[in-house]
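The chain below stands alone and is given as structure tokens, in the form predicted alone.
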């Protein structure tokens, strides 16, 4: 049995069902990122685990024991919020110490734990400051310290990096996993940022439409999304999707797309003749200036540099719109004006989804 088990949990508020038959197992010491769009119940799920809310149905087990009948203070669960939720009249030291004082620990033990935690979080020099005197990064670390100082067996982090600047967010993506390993907590990390989910989670649990639609390693979520909705959520710019009806050919599955006949290097299986959506990641669309065998002529409508990547907006002969990405150095070769270029597709990485259900159609064995 997993150390933290969420078993068929359901939660509604009035006539609105937020969570429906939600189940997840998290191993001891594992960090799982819960990712999904706003309003899908991520925070509600954390509050159910912590005991702030009770479920309408289902169970939550920690260490093999149900905690549904226990209050929040009895569950040995720490939680940090995206809005910091610090006591404004208390210095950072007392904010971090507050859960220890509530448990009645001796003053010397409180002093030892708070200072040790603050040193790990690199905020030991601001422990005497009030929250209004702290930077957002220091506030975030203070809130995290308050959750960690109890040394909880389960730690719930509700989008804790959302309100900090980009530089600190990047630094904490690197530091946080190392830090949490030292506390040996079992961690659920909620985020609306797919990059953050993939960077921090040993596994990613995609919560959408009130259910976990896929739970897997980050690379598998990206390369083998279980549903078309998941494929759309991961990637910037988003995946290119087009309707098609594959036909079985001797050398693979043939589709008509972009005014061309393309052959996917995969066995037909049950996919032939079935209405599908084909998904092409922008990074799997390569653009060149000169024609070559297998390259498809397309119109280059726009070139948009984005940091170290460039996004190319293309239009095919059948007027389909295509997004491609390349490095800025390659993108600079195309200029900014409208022109014809040539597109090569990495069809080995193409994804097929059932058009009606959105279910991923894996390659036939």
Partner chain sequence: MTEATLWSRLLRPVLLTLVALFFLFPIFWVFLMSFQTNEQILRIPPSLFFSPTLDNYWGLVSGKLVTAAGTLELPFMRNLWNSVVLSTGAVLLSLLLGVPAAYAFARFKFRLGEDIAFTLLSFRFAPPLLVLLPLNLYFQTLGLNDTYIGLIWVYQLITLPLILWIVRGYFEDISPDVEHAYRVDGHGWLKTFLKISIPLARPGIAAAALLSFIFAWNNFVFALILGSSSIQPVTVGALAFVTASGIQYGQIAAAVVLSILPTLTLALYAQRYLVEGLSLGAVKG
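Take the two forms, find the largest set of C-alpha atoms that superpose within 1.5 Å, and that set is the rigid core. Just so it is clear, the structure is predicted and the values come from calculations on it, not from any experiment. Residue numbers count along the first chain shown, from 1.
FYI, the form predicted together with its partner chain isn't displayed, but the following is about it.
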property	result
Candidate site 47, 98 and 146: all three near its partner chain in the predicted complex by heavy atom within 4.5 Å	yes
Residue stretch of 166-174, 286-294, 229-237, 79-87 approaching its partner chain in the predicted complex, non-hydrogen atom distance within 4.5 Å	79-87
Single option in 217, 132, 182, 112 placed near its partner chain in the predicted complex, where near means a heavy atom within 4.5 Å	132
Its partner chain: the contacting residue among 302, 317, 52, 332 in the predicted complex [heavy atom, 4.5 Å]	52
Heavy atom of residue 275 within 4.5 Å of its partner chain in the predicted complex	no
Partner contact for residue 73 in the predicted complex: its partner chain, 4.5 angstroms, heavy atom	yes
Residue 267, heavy atom within 4.5 angstroms of its partner chain in the predicted complex	no
Its partner chain contact in the predicted complex: residue 106, any heavy atom under 4.5 Å	no
Partner contacts for 238-266, taking its partner chain in the predicted complex and a 4.5 Å heavy atom cut-off	none
Per-residue C-alpha change between the shown form and the other one, residue 90, threshold 2 Å, rigid core fit	yes
